[in-house]
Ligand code: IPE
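In the block that follows, a single chain appears as structure tokens, in the form predicted alone.
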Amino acid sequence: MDGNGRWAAARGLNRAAGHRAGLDAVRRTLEASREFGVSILTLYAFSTENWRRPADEVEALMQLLGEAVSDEADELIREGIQLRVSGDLSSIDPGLRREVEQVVALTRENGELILNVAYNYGGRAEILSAVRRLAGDAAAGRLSPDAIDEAALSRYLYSAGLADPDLLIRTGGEQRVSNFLLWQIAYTELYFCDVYWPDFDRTHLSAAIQTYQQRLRRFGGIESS
């Protein structure tokens, strides 16, 4: 979800205002995803690299997460949406972490759609964490090295139990994945659009999905006759 800061700057607003406008785009995208039959929606909300941003911007992002969790909890429960969080929550405020974990627990059995929020997330950090845990289990004799394969490693990732994404959408005009789901997107279709995230809406999501539907996915094989 890229372009919040540039969207705000173009309007003479501070970056926090851009992030707040981006939250409205999250709500629109979640609603449209349900309409289009999307089963898992992952949003890259805060990366491990975002800690390098100015302190006031980081504080605004943390406050926004707290507000979003508090304001949207009842709606998630009512609409049958399951909240998951991918990332290291040990670095965020303990009170905010408890609030997030409570909503995760309350929505665990919901099956209408999975909303997976990548927060304090980095693809390399995720893989390193998984490898360390896997190595620890192997050293302790809980896992045979001969049993380590792609499926085994996947079980140690934040995304354990989730299907790999079919489509990755990046807004804001940049054409890179920026340390996002590096393991999971091996065969994901990539879609880049110039619109800044606060302006992203149902029309843009529909265009991305239509483009995806026109692509032929071979997964390393060849087209069958």
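Residue numbers here begin at 1 and follow the sequence given. Treat the numbers as computed from the prediction; the structure is a model and nothing was measured.
What comes next is about the form predicted together with this ligand, which does not appear here.
### Query
Heavy atom within 4.5 Å of this ligand in the predicted complex: which of Ala45, Leu157, Val69, Ile169?
None of the others qualify; the residue that does is Ala45.
#### Entry: Interface stretch in the predicted complex with this ligand - options 182-190, 161-169, 48-56, 28-36, non-hydrogen atom within 4.5 Å
Selected range: 48-56.
#### Entry: Partner contact for Leu61 in the predicted complex: this ligand, 4.5 angstroms, heavy atom
Answer yes; at least one heavy atom of Leu61 falls within 4.5 Å of this ligand in the predicted complex.
### Message
Residue-level contact is defined here as any heavy atom of the residue lying within 4.5 Å of this ligand in the predicted complex; does Arg20 satisfy this criterion?
### Response
Taking the distances in the predicted complex, the answer for Arg20 is no, it never comes within 4.5 Å of this ligand.
### Query
Might Arg15 be said to contact this ligand in the predicted complex, defining contact as any heavy atom within 4.5 Å?
Yes, Arg15 sits close enough to this ligand in the predicted complex that at least one of its heavy atoms falls within 4.5 Å.
### Task
Quick one: name the residues from 126-158 with any non-hydrogen atom within 4.5 angstroms of this ligand in the predicted complex.
Contacting residues: none.
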